[in-house]
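As a starting point, one isolated chain is supplied in structure tokens, in the form predicted on its own.
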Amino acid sequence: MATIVPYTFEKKEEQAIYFTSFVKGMKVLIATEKPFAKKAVDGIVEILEGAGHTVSRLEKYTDKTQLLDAVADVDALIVRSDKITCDVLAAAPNLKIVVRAGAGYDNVDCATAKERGVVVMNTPGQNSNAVAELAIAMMIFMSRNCFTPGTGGEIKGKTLAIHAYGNVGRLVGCKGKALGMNVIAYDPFVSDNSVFECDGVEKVDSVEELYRRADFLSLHIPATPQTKGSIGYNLLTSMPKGATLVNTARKEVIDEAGLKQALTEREDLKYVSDVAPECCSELCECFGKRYFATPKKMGAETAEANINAGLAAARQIVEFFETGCTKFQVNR
């Protein structure tokens, strides 16, 4: 089992002493079933080896046993959407840190990692612009009849509602305002109203009001026990005529039965997603141009986001071993 890391120290000197043995010579594995761009990998290796660590790579692996074998002697792990489950963690007795290169981290068993003293981090903000651009593109795509012949609409002057006002949500709002949209947002976890005021965005008081006013609803909530299946029939059927729900978050937050019922009863509603639901083929067959999903999740699939997230992951590992920094830890 990995060394249990004490995350709090009486003095900074104590923290520095504790991490002295970690500063150099750690073995870092880049485990990516869907590999980083070459430029990203080269940068990751340069950062890590420049700090005195060794780097190994497991790319385009096709079987989980390959991952289990590869983690046997590593101290740190960089992944993308790879599943770091309890058995992977058990197979890595020296593991001290996992960095998910991206914002979402539901592919990592954070609870088991915490039990084993393994720090889990994400790289928030590195993919945000890529996801925000895709969300806006999806709005235009749906408003223009999925780029098929026929009269479409414009997004200028429409109300853009943002559900969760984090890094991506704020960027979507900024881009929407630049295109002449009226932007409103709801996020119960953002208590500082000046954030909304600074952006020129109206903060609404409830999720019900948000959906009731949305011509376009951009969804950015994480998949948690509280949010899974939370977006369903009641919220969707409360949206204005011709409204579009844009999901660049997670498929699990959608109540698929409620979605199908809402699309069936409301022939004006549209749904576009960056992650195909389980009932994708049924939605395609039943609702035509009112539904679209990308073939696979593409929000972070830009060269820039790929490089940014990878380099950030490498830097966070270096800082963790040098100073014990756990700024982006998600399993406290």
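Numbering starts at 1 and runs along the sequence shown. Source: prediction; values computed, not measured.
Separately, the form predicted in complex with a small molecule exists; it is not shown, and the next lines address it.
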message: At 4.5 Å between heavy atoms, only one of the stretches 281-289, 265-273, 58-66, 296-304 reaches the small molecule in the predicted complex; which one is it?
response: 296-304
message: Residue-level contact is defined here as any heavy atom of the residue lying within 4.5 Å of the small molecule in the predicted complex; does A103 satisfy this criterion?
response: yes
task: Give a yes/no on whether N247 approaches the small molecule to within 4.5 Å in the predicted complex, heavy atoms considered.
output: no
- prompt: Heavy atom to heavy atom, is K158 within 4.5 Å of the small molecule in the predicted complex?
  reply: no
- prompt: Would T85 count as a contact of the small molecule in the predicted complex, using a 4.5 angstroms cut-off between non-hydrogen atoms?
  reply: no
message: Please determine whether each residue of N129, K175 and H220 possesses a non-hydrogen atom within 4.5 angstroms of the small molecule in the predicted complex.
response: no
- request: Answer with one of K96, R170, R80, K260: the residue that has a non-hydrogen atom within 4.5 Å of the small molecule in the predicted complex.
  value: R80
